[in-house]
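Take a look at this one chain, the form predicted alone, written out in structure tokens.
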Amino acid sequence: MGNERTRILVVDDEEIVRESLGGWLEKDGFFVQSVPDGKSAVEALEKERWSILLTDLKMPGMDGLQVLEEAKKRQPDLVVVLMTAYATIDTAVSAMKLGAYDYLVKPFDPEELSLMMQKIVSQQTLVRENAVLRKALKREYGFHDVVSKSPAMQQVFELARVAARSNSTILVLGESGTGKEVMARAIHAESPRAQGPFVAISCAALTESLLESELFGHEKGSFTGASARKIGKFEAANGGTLFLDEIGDISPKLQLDLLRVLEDRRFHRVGGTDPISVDVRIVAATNRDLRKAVAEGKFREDLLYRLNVIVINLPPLRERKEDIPLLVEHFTEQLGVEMQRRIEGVSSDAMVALMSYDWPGNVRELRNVLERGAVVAQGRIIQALDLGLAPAAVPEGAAGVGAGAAAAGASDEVPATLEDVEKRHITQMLAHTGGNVSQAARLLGIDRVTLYNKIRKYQLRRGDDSGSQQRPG
């Protein structure tokens, strides 16, 4: 079962336990090293990388939880299993919060240990394979930080790659949240200007005078408050790319100023007299219908023609839902890095909820929802209820809602809140498993820590040997 990459470090102050565990694990084919205390374990962790740490909870000096903390500081991905003869829910919750994989209650038989190690090895293999797969998917379906497998977006990528190699002005169109700035950054990164600056500005966020100063800069004393010369965005982007977001919102005067810059690549700072030449590639974006704005006299037709040399249309997320699983992988990986915690993805119920939602806010909304889920989730897997989507977006069956109601024989009963439904379903599942929390967690699609926390939250108790499960008092 074991292989040459599976190295297990055993920590226990009892020699007979160390010898027994070493014998069992080596028989299964693992490489095993045993140490008698936490200090020796930390030294071993600093010298070499390990696949699994198996540590006793109660030991003189540094106890198992302290060993766990030190181990995670040194090797965050290390799988840590605690062994104890004094298991309590509080201990288990504390261990899981510190990042423990699981715990074994002494005395345990070799078969139980062997099965757990086999499961860990399988999961580690799966994680490695998933990492390889994610990289392959990004290579196949990615354009820098934009990922998609939909045919429409693949055509967008093809056009963007060709456009990036040119020096032509690009107009990116799409609803709010479709990723126009991300696309602009990807085009810049793909272009010969990639070593130059990428400067972005939202034209809708500023007044006319302030936007003029931000774009072209100003000379000292050119207006009240201009206490020093200021370099504008055009100069800051010299040699690179200037991204003009919400271009459809600029005033008629600035439309004319911008047209002149696009025509001769020169401008004056506000209050200045000397023309300034720049080498800047313009990528503009808007969620407005510029042709309609031209027809209504709100946007200059000649400026539109200058901007739309190459037009890239980003389809809304609701028209490419096949991208949602890929985007979920992409964003959960990003969020894990940003939050410095391990997020392994979303549960199947959460994915159903995500696929069922209409996404008026597009990709940006999807990322925000996942960020919310990552913050709220109590384990490494984001659950459907963690996402905070409207109940209508969580279909029957998601988070066990439908199953819970059916199991309770209350299909005609309308529960008051989602918490009522969740509490009922957890109670049913614990009764079904005879109080086996691990089995119930697997059936519920959540990790053990999450289930323990919910048991505490709803003041439930685990079932007894008869399999009964009820609320106290």
Partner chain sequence: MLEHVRAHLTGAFRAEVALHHDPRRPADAWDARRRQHSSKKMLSFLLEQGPPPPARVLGITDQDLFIPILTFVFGEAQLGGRAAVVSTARLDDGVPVVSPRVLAERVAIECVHEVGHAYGLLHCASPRCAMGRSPSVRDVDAKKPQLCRDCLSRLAERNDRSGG
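We call the rigid core the largest set of C-alpha positions that still match within 1.5 Å between the two forms. Numbering follows the first chain given and starts at 1. Please read these numbers as outputs of a predicted model, since none were measured by experiment.
The protein also exists as the form predicted together with the partner chain; that form is not presented, and the subsequent description refers to it.
Visitor: Taking 4.5 angstroms as the cut-off for heavy atoms, does Pro110 touch the partner chain in the predicted complex?
Guide: Looking in the predicted complex, residue contacts with the partner chain include Pro110, since a heavy atom lies within 4.5 Å.
Visitor: Within a 4.5 Å heavy atom cut-off, is Thr91 in contact with the partner chain in the predicted complex?
Guide: No.
Visitor: Using a 4.5 angstroms cut-off on non-hydrogen atoms, would Asp28 count as touching the partner chain in the predicted complex?
Guide: Result yes; Asp28 sits at the interface with the partner chain in the predicted complex.
Visitor: Does the partner chain get within 4.5 angstroms of any non-hydrogen atom of Val17 in the predicted complex?
Guide: Yes.
Visitor: Verify the flagged residues Trp50, Lys119 and Thr125 against the partner chain in the predicted complex: is each one within 4.5 Å by a non-hydrogen atom?
Guide: Not a single listed residue reaches the partner chain in the predicted complex, so no.
Visitor: Looking at Ser114, Ser150, Asn308, Asn238, which is the one with a non-hydrogen atom within 4.5 Å of the partner chain in the predicted complex?
Guide: Of the listed residues, the single hit is Ser114.
Visitor: Under a 4.5 angstroms heavy atom criterion, identify the one residue in Arg364, His144, Lys106, Arg341 near the partner chain in the predicted complex.
Guide: Partner contact (heavy atom, 4.5 Å) among the options: Lys106.
Visitor: Once you overlay the rigid core, does the Cα of Ala236 travel 2 Å or further between this form and the one not shown?
Guide: No, its C-alpha moves less than 2 Å.
Visitor: Hey, does Leu173 budge by 2 Å or more at the Cα between this form and the one not shown once the core is superposed?
Guide: No, its C-alpha moves less than 2 Å.
Visitor: After superposing the rigid core, is the C-alpha displacement of Ile324 2 Å or more between this form and the one not shown?
Guide: Shift at Ile324: below 2 Å after core fit.
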